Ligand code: F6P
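Listed next as C-alpha cells is one chain, alone, in the form predicted on its own.
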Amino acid sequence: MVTAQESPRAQVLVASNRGPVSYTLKDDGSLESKRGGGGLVSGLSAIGSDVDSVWVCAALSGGDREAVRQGVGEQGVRMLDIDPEVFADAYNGIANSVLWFVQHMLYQIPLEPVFDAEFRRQWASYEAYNRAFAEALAAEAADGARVLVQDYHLALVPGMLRELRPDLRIGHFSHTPWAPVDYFRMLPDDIAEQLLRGMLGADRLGFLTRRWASAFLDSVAGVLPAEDGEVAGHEGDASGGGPEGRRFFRHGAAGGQGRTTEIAVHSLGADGDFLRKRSHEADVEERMAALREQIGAGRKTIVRVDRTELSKNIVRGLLAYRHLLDTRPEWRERVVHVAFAYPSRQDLAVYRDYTAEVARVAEDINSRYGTPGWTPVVLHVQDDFARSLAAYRLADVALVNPVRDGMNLVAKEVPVVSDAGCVLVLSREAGAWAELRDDALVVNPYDVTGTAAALHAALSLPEGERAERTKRLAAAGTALPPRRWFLDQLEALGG
C-alpha cells in the first residue's frame, strides 16, 4: 500500500487520459513538444504557483513513450508509459467501443453489444489501466490532497485510489451524457456494479447537466444492492450550491464508515475572452478570405464544426440540408453549408465507415444541385482551429444536431464569435439545450424534415431578432468559463 508519507508532494492533482503536452519523435532522434490548451490547462494555471500541482496522463504516442523513457518532461506533468497493448484494449476496446457507446446510446441492438470472452480480456486491461493511474496519483499526492479525475476512461480510479489513500479528497467529472438506467443495464451486472462503485469512491461526482446527474442516480438506485447505500438529499436544481440542490449517495456498511458522495452539476461554458481575441488574429482573417471565395458573394452560410463522432449526427444534418434544397428551391444558389467534419478515432472501422459516409452524402448533394458558380456543401476534413473560428465568424446559422452529447461547446462558441449574429439550430439531446433552448431553434435530431424546416426558419429570421438571440446565447454560453468551472470543483472539494 502506498502511504501519504512516502511522497508528500502535490496538493492538487488532475488525472486524464490526454495530458497538457505531447511529444513527436523527429527523424534525427530528438523530441519536439507541443503544449495543449483547454479548460483543465487554464484551470490549473489559475490556482497559483504557491500550490504544488501534478497532472497525471497517459503516453498516447510513440513520441510520448520515448519521452518517458528518456526522462524528458515538463514540471508538474507525470506521463504514464502503459503497455501499448493494454492501452489499446482499455482505450479503444472498452472506453471508446463500450462505455462511449453505452452513454451515447449508439448500439445497433439486434447485433450489438456482445459481451464475450474478448470483452472480458479487454476489461482486465481497462482495470489495469485505471490501476496504473490510481497508483501514480497515490504516489504523487501530499497528505489530504485534492484530486480531480476526468471522464469515462478513468471511471474505476476513484474507488481504487480511495483504497490506496483514504486521506485524499477525490472528485470525478463526467464529460459525457449518462445513459438511462435500462440502457446502462445492458452492461453485464458485475461490470455495471464495478463502474458505479468505482465512481462512488469519489467524495464528489460532477456532471454537465442535471439530466445526466439524475440518470446516474437512477442507475445507482437500479443496479446497486440496497446494502451499498442510498440516494439522499433534495433534487432542486442539482447545482450543489444550496440545500435544495444538493444530492448525495450515503454509503452503507459495504461502502464504509458512513461516507457520502456528493452529486453535483457544473455546466462548462465557452471561454469568451479567449475566443474573441483569437478569432481576430491574422491567420483567422486569411482563412475567412479563403472561405468567402469558396462560398461566393451574397450567400448565407449554415455552419457546423464537429469531430466525426458517431454521436454528432453529421449525416442526418447533411440529409436535412438536402431536404431543404429539395423542398425550398428558393434557397438554391443562395446558401452554402460549410461543414467541417474532422476525422476522429480512425483506428476504429466503424468511425472510418462513418467518415466515408459523410463525404459520400456531401458529394451527392454537390453533384445533384451544384452549378458552375455554386458549391452547395463546402466540406473540410483536415483539422484547422483558425479555419473553424473563421467559419464561426461567417455563420448565419449554426447547426448543432447531435443524437446525444454531454454538452457541445460549439453551440456556445459560435454565438460568441459570429460577426453579424447567427441563429442556433440545436438538438434537444445536446447538454447545451438546458441553457440555450429559449433562444435556439430546437430540433429532434432524428427528424430530418423537422431539421430542414428549422434551417429554413433560421435562414428567414429577421436580422434584429437574430442579433438579440445571439446576444442572449453568448451570455448564457459564457456564464461558467473553463477556469471558473475548474476552480468551482476544486473549491467544493475543500482543503
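None of the values given here were measured: they were computed from a predicted structure. So that there is no doubt, residue numbering starts at 1 and follows the sequence shown.
Although not depicted, the form predicted together with the ligand is the subject of the following passage.
Notebook entry, point to check: Hey, in the predicted complex, is D81 touching the ligand, heavy atoms inside 4.5 Å?
Noted result: Output for D81 is no: heavy atoms all beyond 4.5 Å of the ligand.
Point to revise | Proximity of R9 to the ligand in the predicted complex, heavy atoms at 4.5 Å | key: Taking the distances in the predicted complex, the answer for R9 is no, it never comes within 4.5 Å of the ligand.
Even though the ligand is not shown here, does Y152 get within 4.5 Å of it in the predicted complex, heavy atoms only?
Yes.
Is W374 close enough to the ligand in the predicted complex to count, meaning some heavy atom within 4.5 Å? It does not: once the ligand is placed as it appears in the predicted complex, W374 has no heavy atom within 4.5 Å of it.
* Can you check 276-284, 316-324, 88-96, 214-222 and let me know which stretch has heavy atoms within 4.5 Å of the ligand in the predicted complex? => Comparing against the ligand in the predicted complex, the contact stretch is 88-96.
So the ligand isn't shown here. In the predicted complex, which residue out of W100, F385, Y183, Y342 has a non-hydrogen atom within 4.5 Å of it? Of the listed residues, the single hit is W100.
- Item | Contact residue in the predicted complex, chosen from T308, T301, S267, T176 - any heavy atom within 4.5 Å of the ligand | Comparing distances to the ligand in the predicted complex, the residue within 4.5 Å is T176.
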